[in-house]
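Here's a solo chain for you in structure tokens, the form predicted on its own.
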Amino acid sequence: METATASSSSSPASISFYDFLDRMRNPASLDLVRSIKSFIVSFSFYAPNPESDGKRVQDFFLSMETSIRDHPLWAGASDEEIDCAMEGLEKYVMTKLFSRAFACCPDDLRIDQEIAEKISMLQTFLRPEHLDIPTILRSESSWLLAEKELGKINAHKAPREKLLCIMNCCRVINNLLLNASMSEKHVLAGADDFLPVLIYVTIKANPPQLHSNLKFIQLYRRQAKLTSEAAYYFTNLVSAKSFIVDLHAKSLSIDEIEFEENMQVAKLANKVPDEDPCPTRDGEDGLRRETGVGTFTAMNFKERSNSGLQYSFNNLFELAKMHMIVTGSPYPFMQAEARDLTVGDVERLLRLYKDVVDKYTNLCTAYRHLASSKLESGHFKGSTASCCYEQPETSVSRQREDGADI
């Protein structure tokens, strides 16, 4: 297993990249430099097409590998040295092409947004038992570290470093399974144990632009490197993403009605209010944005049909139910039926709803900060979360490498 060194700036990946740059700056490599820069410039001549772009890059890597093997600067070089040069080439080329190659289609951005929104809703109620994760595998310390590793994926531009984030996340989970099997004599069930934990970690982490990052790795990571352990972990995360996209009540161990109610409540809680260009009296415009309920006045109240009123009060009743789901304590109107509500209850319901959402949001924020600080301070030292893995470059070294040229 690859391990991290004390400083990421001296990691094998960084050494390979800077060795590649040094050799490319040698006057003897002028022909290689011209080929690389010509490819980067010509890439922008084509309209974005992920499949064609990926094939073009993979073909270029193959041709450059042959050129590097035959070049005097690598005369007598071992396969490992050639591989290091190709890792440097991939990082250099894809860093330069990142803005053109990553999430280059409108559909990618749309899918990223849809996945992120669905995960945000699932985060509000999904628990390990809904995915049938055995109690023995419910290690908060390991899960938090795995989430942290996966959450780094969007901070990198090179396909290899994005893939490393996935591998480090999956290695934490794999170690958790191995430790459980040794300490508690838990019989490993392979993917049946691994995948549910990875799905849960992915939902808790909600990594930015998950779809685009997976697509970028699949298209631009050298195919010779997407094998063995890397391919297994990558394929599992692709499967986790697909599961989340298609997830519904029957995908989980949860009552279908409970699932739909939780998703509806989460949708209301996560809804971002639109700006109202024509605000009405205080409270009415906010209520309309938050609940979809129209303005109530003595005049238009009488003009509404019975069915319309029933729908509006049902929406308010759903908001009242959310108070109990979020806080676990009774609130006014919890025992009320839609038909029991009056126009005079609207203002109070809105106030209670805003209060609960504010408290819930603040609690979630505080919990995330607490979990993050515990990880940073080595709180989980000695657990499965303390394992060291090869780490992508830090933000400082990334900035330096992004600006590197040959």
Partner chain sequence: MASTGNKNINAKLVLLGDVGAGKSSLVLRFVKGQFVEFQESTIGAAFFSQTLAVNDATVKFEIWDTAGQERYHSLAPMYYRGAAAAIIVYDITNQASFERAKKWVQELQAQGNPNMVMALAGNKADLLDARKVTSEEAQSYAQENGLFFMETSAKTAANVNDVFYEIAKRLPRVQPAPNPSGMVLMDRPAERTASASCCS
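If you're wondering where the values come from, they're calculated on a predicted model, not measured in any experiment. Residue numbers count along the first chain shown, from 1.
This next part talks about the form predicted together with its partner chain, which is not shown.
Comparing 201 to 209, 84 to 92, 104 to 112, 258 to 266 against its partner chain in the predicted complex, the single stretch with non-hydrogen atoms within 4.5 angstroms of it is 84 to 92. The contact residue chosen from S183, S99, T135, S242 relative to its partner chain in the predicted complex is S242, the criterion being a non-hydrogen atom within 4.5 angstroms.
Contact with its partner chain in the predicted complex, judged by any heavy atom within 4.5 Å, is made by just one of A155, A336, A116, L252: L252.
In the predicted complex, every residue of the candidate spot (L177, L195 and E390) has a heavy atom lying within 4.5 Å of its partner chain. At the 4.5 Å threshold, heavy atoms of K148 stay clear of its partner chain in the predicted complex, well away from it. When its partner chain is considered in the predicted complex, E65 lines it closely, a heavy atom lying within 4.5 Å. Its partner chain in the predicted complex comes within 4.5 Å of a heavy atom belonging to Q218. Contact annotation: K354 falls outside 4.5 Å of its partner chain in the predicted complex, judged by heavy atom distances. In the predicted complex, the residues of 205 to 242 lying within 4.5 Å of its partner chain by at least one heavy atom are, in order, Q218, Q223, A224, K225, L226, T227, S228, E229, A231, Y232, F234, T235, N236, V238, S239, S242.
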